[in-house]
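Only one chain is given next, in structure tokens, and it is the form predicted alone.
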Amino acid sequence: MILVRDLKKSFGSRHVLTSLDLAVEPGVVTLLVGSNGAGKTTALRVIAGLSDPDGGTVTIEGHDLRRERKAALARLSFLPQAPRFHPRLTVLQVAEFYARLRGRPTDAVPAALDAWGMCEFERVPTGKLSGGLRQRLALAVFSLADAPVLLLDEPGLSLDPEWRQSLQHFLRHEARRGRTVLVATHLLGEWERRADRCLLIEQGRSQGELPPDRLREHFPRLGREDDGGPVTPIESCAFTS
């Protein structure tokens, strides 16, 4: 479970999170939606320990992120919006590195790569992968952590429709296993009727919930495939604690 209370974050004079409250429960797929600049990515970065808040608290599986940082982050796996890898390392080398980093056996790597259709690319340097293939490698790495709390920031942007469906199936399966799943997205057309809860954030504050089966109806301007907003690269180290 993720509990966020009175979370605040500013960048200079720009207030991005202004008293954000969230409660994300295990066993369901929860969406975090809002327009560009609403604070979705900043909220996920703070929860993932990549950015320090100016105020408020984050609790992950009962562990306070400030007081018990190592224990809290050990329970979490984060998929950033634009994952990056060393361009000269092969797909297999990257996957094995992250497996060792998270204390997972390297013999778990082939199954993770196969689940995301990456086995045939295991000898390919990541610098030669297309955006969709990099995202599938990122999902393989993400799943290797086998963490009880899963955070994903716009995970479907680079995927074709078939792999977006595979992603949704994977997350629903993980939720049924009792995982806590939080997905930040503006692709509401892809997620309508495929999530259990939908939390709305605007101007850095929680604005209640939307019916997950009528997302575009209640917030039509977020229902477009691509609103032309910028995609900001985020550190690939976000996969780890």
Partner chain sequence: MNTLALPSRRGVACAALRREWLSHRLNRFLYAHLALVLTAGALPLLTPGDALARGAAWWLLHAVLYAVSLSSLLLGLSSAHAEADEFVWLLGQPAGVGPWLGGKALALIVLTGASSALLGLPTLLMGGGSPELMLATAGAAGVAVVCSLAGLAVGFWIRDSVRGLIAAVAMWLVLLFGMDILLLALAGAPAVQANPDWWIVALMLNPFDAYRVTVLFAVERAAFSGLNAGWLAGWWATNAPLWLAVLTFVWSGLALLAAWLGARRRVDG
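Positions refer to the first chain, counted from 1. None of the values given here were measured: they were computed from a predicted structure.
The same protein also exists as the form predicted in complex with the partner chain; that form is not shown, yet it is the one meant from here on.
Contact between residue 26 and the partner chain in the predicted complex is not found at the 4.5 Å heavy atom cutoff. Shown alone here, residue 164 lies farther than 4.5 Å from the partner chain in the predicted complex, counting heavy atoms only.
Within 4.5 Å of some heavy atom of the partner chain in the predicted complex lies at least one heavy atom of residue 97. Using a 4.5 angstroms threshold between heavy atoms, residue 179 counts as touching the partner chain in the predicted complex. The three residues 51, 78 and 85 all sit with a heavy atom within 4.5 Å of the partner chain in the predicted complex. In terms of contact with the partner chain in the predicted complex, the residue from 129, 159, 74, 171 that brings a heavy atom within 4.5 Å is 74.
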